[in-house]
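Quick heads-up: it's one chain on its own, the form predicted on its own, in structure tokens.
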Amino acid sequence: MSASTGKHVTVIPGDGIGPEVVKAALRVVEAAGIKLQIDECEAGARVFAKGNATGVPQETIDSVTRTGVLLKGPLETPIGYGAKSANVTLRKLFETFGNIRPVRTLPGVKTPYSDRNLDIVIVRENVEDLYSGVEHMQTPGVAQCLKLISRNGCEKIVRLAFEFAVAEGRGVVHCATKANIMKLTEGMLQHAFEDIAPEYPKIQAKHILVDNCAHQLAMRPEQFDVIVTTNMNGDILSDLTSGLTGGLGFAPSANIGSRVAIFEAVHGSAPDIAGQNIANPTAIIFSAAMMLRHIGEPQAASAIEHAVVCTFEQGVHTRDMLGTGTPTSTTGFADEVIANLGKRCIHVAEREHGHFKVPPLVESVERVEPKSRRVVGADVFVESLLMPGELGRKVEGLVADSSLKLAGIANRGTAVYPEVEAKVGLVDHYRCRFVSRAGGKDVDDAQLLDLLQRLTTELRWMHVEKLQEFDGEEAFSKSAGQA
């Protein structure tokens, strides 16, 4: 193959097995005739150890900003304590809003679905949702995580999914949400999907509840082509689809932004086998192929993908795969892939891999402008050990001569006052809903400040949410059991 030069990319070898598998992938890329200009940078465990709480040093940020392309190995993340994930930090810093996770049936990779000829792509929103990481301890025993979903974020990920489907000649896009329960947040993705789908008349668009999607992936996964979904749902579903086709050791991914793209294997750093030359490099090799396609080297990308599949067809396997004979090493697997470059395998269906449009980055603040809006009340979250009836009577006494009245109290989303017959487990975290006594009259900030001052005399409050109406529609949820 003739060499192509001048492609400038940032490479983070990563933690654990990362340096081994990344080195293997880069050897394959070079053997395919692509000479990359590489900025090797750090992120993850070593950076955390130096006292950088983000896990990403400035020199790495500067390099990715220059190159616009990052190939990275797995990074270790503190679990349950300490700093945030360096992976998440990189995605957020460069607004890589879309995560593309393709999986397919591979010859020689034995799973219960080996005969199902799967070829599925999860397109996951990558920066919003619960993964915005906005958390607070509301009381010593109750934590809150805000699920932030924007119309702009939904539109971008839906368009990315349809554009990707068009570029690859795919026929169906499913939108997986939990809009039946979270009608405002998950519902926003469903509405964006339904609004945008008619712009792509050649693509069949289907909405599916995410729990049914998981069920159907286990029962009849071959019905799926492209699935677009929110951040946490996509994280879970993409690991599920990886499991259908062999596991995370075979799962590549691309994090796509308007200015930067990050390519990575989705498996962990596996420190227990680091340095032993036994890790499976398939996922990062496939990720490198996705990177090559992104930077304008589609022939080399296809050659690498065919070479990997040819290697599996020949029965070559690493230690994590079932197979006969002695498993090969990380470097040995890369050697076999390199030897198979230029060969055509029988288990890779020819597919279009056209360039897909990425929604541009908008420099201004995005806004949905309603025709009308008003505040009709407020939810005030209070910490209390009182029983619901006692708390309700106390609150009513505190606001007796104010412009706002107590409409009801909920505990963990279930209405508990006015008294209800059902008994529910209670915690010291109540939501008190207030509305105008004037009925239909707007509530202003002065009234809300007066309300809080009244409550503060005898209660501890920690959180306030305005109850708003946009274009005459209530823009807030009701509690379970509330009329």
Ligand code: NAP
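Predicted, not measured: the structure shown is a model, and the values here were computed from it. Don't overthink the numbering: it's just position in the shown sequence, from 1.
Keep in mind the form predicted in complex with this ligand is missing from the figure; the text below concerns it.
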Please tell me whether any heavy atom belonging to E264 falls inside 4.5 Å of a heavy atom of this ligand, as the geometry stands in the model of the complex. yes
Check whether G98 has any heavy atom within 4.5 Å of a heavy atom of this ligand in the model of the complex, and answer yes or no. no
Is there a heavy atom of P252 no more than 4.5 Å from a heavy atom of this ligand in the model of the complex? no
Can H317 be called a contact residue for this ligand in the model of the complex at 4.5 Å between heavy atoms? no
Of the options S114, N152, Q138, S269, which one has a non-hydrogen atom that comes within 4.5 Å of this ligand in the model of the complex? S269
If you check R91, R104, H174, R293 against this ligand in the model of the complex, which one has a heavy atom within 4.5 Å? R91
Have a look at 241-249, 217-225, 359-367, 160-168 and name the one stretch with heavy atoms inside 4.5 Å of this ligand in the model of the complex. 241-249
